[in-house]
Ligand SMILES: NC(=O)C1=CN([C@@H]2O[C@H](COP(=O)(O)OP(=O)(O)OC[C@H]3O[C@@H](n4cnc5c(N)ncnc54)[C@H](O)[C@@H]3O)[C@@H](O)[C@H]2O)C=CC1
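Take a look at this single chain, the form predicted on its own, given in structure tokens.
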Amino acid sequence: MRTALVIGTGLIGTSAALALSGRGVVVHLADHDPEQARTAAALGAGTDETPDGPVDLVIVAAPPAHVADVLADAMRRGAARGYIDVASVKGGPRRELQERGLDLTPYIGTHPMSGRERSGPLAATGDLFEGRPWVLTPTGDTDTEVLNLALELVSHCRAVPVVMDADAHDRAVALVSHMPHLVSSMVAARLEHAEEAAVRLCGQGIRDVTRIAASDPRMWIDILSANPGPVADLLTDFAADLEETVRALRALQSSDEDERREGSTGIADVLRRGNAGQVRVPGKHGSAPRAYESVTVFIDDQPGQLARIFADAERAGVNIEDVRIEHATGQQAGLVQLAVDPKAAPVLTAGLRERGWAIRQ
């Protein structure tokens, strides 16, 4: 691939353009908002000048509701040898293009499984997709050339290609992305009018559950409007589980011992099922999940503290697998939880203590 045209210079489009430009591909940028395309160009993602002729690959990074329109226009103009989109739903756009009678041999729907709570070109980074799955949905009619171009794009972005059927993809993202976002938003909505005293008690748990609720509502209306059926089906099952959980909690309030026992069994069941589902979430680099041990360190909220911890962990010869920070309420201090291999935990604990760190047991 020598040339590409990215149509839609938001977070995903600009990030892909930055990755391609960084690998020597000449990238042209277009957007319904010319100022946004100019911003992406100023960031080094490419040029906002119109290409002189057909490019190798058109990458459509428009909202799902507009993907088919943008693709159809580009394909009728003969803008490229191959065409892809990066929308978060795949079945709908393909069906819309089929209904318009377009030749879909030079087209393949794709979806990079990566993003941020922020949107727009200023949130973009060239390494956004590194190590992340990038779904490709070819059919028996897909031209080999466009499949190879899509694979080259995924390689330039250092992502991991995953081949799926389009409708299977839409059901999958409803489960692992779209439904969780709505549930996160519903939990966060409970905080909107909560008493300030209650909100001040927020810890890492509520931050974890509500983090994705900070995303742009307009973007998510577009996404959910393109995949409503599978999401609604999942929420129906979720609502049934929620109703059973409420019933079990009410039973725990009963003065009848049998009802309390039944309620306890119901709560234990939902927690057990939660454990069973959580362990299936892929671990580091998409590999099978591993059990790590946490070493918790007290730190002051001052510049350089994290750098010191990581340097001292390196001196102890311990690799940090993951890190979480919990800030203390009303204090300029917090806890850093360092996830490490269980065998390395005693070594790290001893090494950090030797260097003056306070470790929470």
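Heads up: residue numbers just count along the shown sequence, starting at 1. These figures come from a predicted structure and were not determined experimentally.
Only in words, not in the display: the form predicted in complex with the named molecule, which the text now covers.
Practice task
Tell me, out of 41, 309, 62, 57, which residue has a non-hydrogen atom within 4.5 angstroms of the named molecule in the model of the complex.
Solution key: The residue in contact is 62.
Problem - Contact residue in the model of the complex, chosen from 223, 159, 231, 108 - any heavy atom within 4.5 Å of the named molecule - result: Comparing distances to the named molecule in the model of the complex, the residue within 4.5 Å is 223.
Practice task
Among 301-309, 317-325, 47-55, 24-32, mark the stretch whose residues have heavy atoms within 4.5 Å of the named molecule in the model of the complex.
Solution key: Within 4.5 Å of the partner lies stretch 24-32.
Handout entry: residue 219: touches the named molecule in the model of the complex, heavy atom cutoff 4.5 angstroms
Key = Because a heavy atom of residue 219 falls inside 4.5 Å of the named molecule in the model of the complex, the answer is yes.
Exercise for the section: Answer yes if any heavy atom of residue 112 is within 4.5 Å of a heavy atom of the named molecule in the model of the complex; otherwise answer no. Expected result: Residue 112 belongs to the contact set for the named molecule.
Problem - Contact of residue 86 with the named molecule in the model of the complex (heavy atom, 4.5 Å) - result: Residue 86 belongs to the contact set for the named molecule.
Practice task
Using a 4.5 Å heavy atom cut-off, state whether residue 7 contacts the named molecule in the model of the complex.
Solution key: Within the cut-off, so yes.
Exercise for the section: Look at the candidate spot formed by 17, 79 and 81 and say whether the named molecule comes within 4.5 Å of a heavy atom in all three of them in the model of the complex. Expected result: Not a single residue of the candidate spot has a heavy atom within 4.5 Å of the named molecule in the model of the complex.
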